[in-house]
Ligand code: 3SL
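One chain follows as structure tokens, the form predicted alone.
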Amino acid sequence: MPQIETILTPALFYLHSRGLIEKQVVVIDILRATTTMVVAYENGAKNVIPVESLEDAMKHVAPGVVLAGERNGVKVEEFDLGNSPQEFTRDVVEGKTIVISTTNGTKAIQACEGAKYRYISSFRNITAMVNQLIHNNCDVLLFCAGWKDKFNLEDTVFAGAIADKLAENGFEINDDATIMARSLWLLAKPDLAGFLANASHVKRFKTLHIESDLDVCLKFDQYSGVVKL
């Protein structure tokens, strides 16, 4: 029976780094990196390349490449795009390669590159992601990007949503972190936006005047594809 475990922040990744080659890892950064990457594919991006540092991103400069990045929620000044999913419109990204570097999400993606399968996901493709994990039929590690190595609510709630669906399909929850994540999801499910209203990252959105991104990030099943790295 496949097992489910959850990493609540990248600071805890070292506890799970062994045995990755046998596992499928889902990297979660709901606000906003993994949502934004899914939106890029929704709108016809040819490829999305996540990189950890801004310097690595600059190495990819070439015709047909769009540089995207943020630090502390703010667009990198010399880049084409920031990290708002609303910037990744079809007219901007269709047929293009997107190279993206963010404060939290792309760091987590790079950390787990040794996994058997490595995915990014969001509410916008949650059903497709669950179906793929069930099809692969091996242990799942739900990796929350958090905020600067700290726990955050929205990533954990999403991990709980994935875990809930997998548990209904025969996967076994194998740690307290996943039990907690699933419990949070069941609390949040009736009013997800309301549940997250006081989350630290949502407050940060308000400070940066980017509240409208939240609506995009919390929409379900807008994309039927899976984003595999």
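The numbering used is simple: start at 1 and walk along the sequence shown. All of these numbers come straight from a predicted model, not from anything done at the bench.
There is another form of the same protein, the form predicted together with the ligand; it is not shown, and what comes next is about it.
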Non-hydrogen atom within 4.5 Å of the ligand in the predicted bound form for each of E5, L133 and F171: no
Among A33, A181, V27, A68, which has at least one heavy atom within 4.5 Å of the ligand in the predicted bound form? A33
Would you mind picking out the stretch of 101-109, 134-142, 121-129, 86-94 that comes within 4.5 angstroms of the ligand in the predicted bound form, counting non-hydrogen atoms? 101-109
Does the ligand come within 4.5 Å of any heavy atom of F13 in the predicted bound form? no
Is H201 near the ligand? Define near as a heavy atom within 4.5 Å, in the predicted bound form. yes
Heavy atoms within 4.5 Å of the ligand in the predicted bound form is the criterion; list the residues of 115-148 that meet it. W147
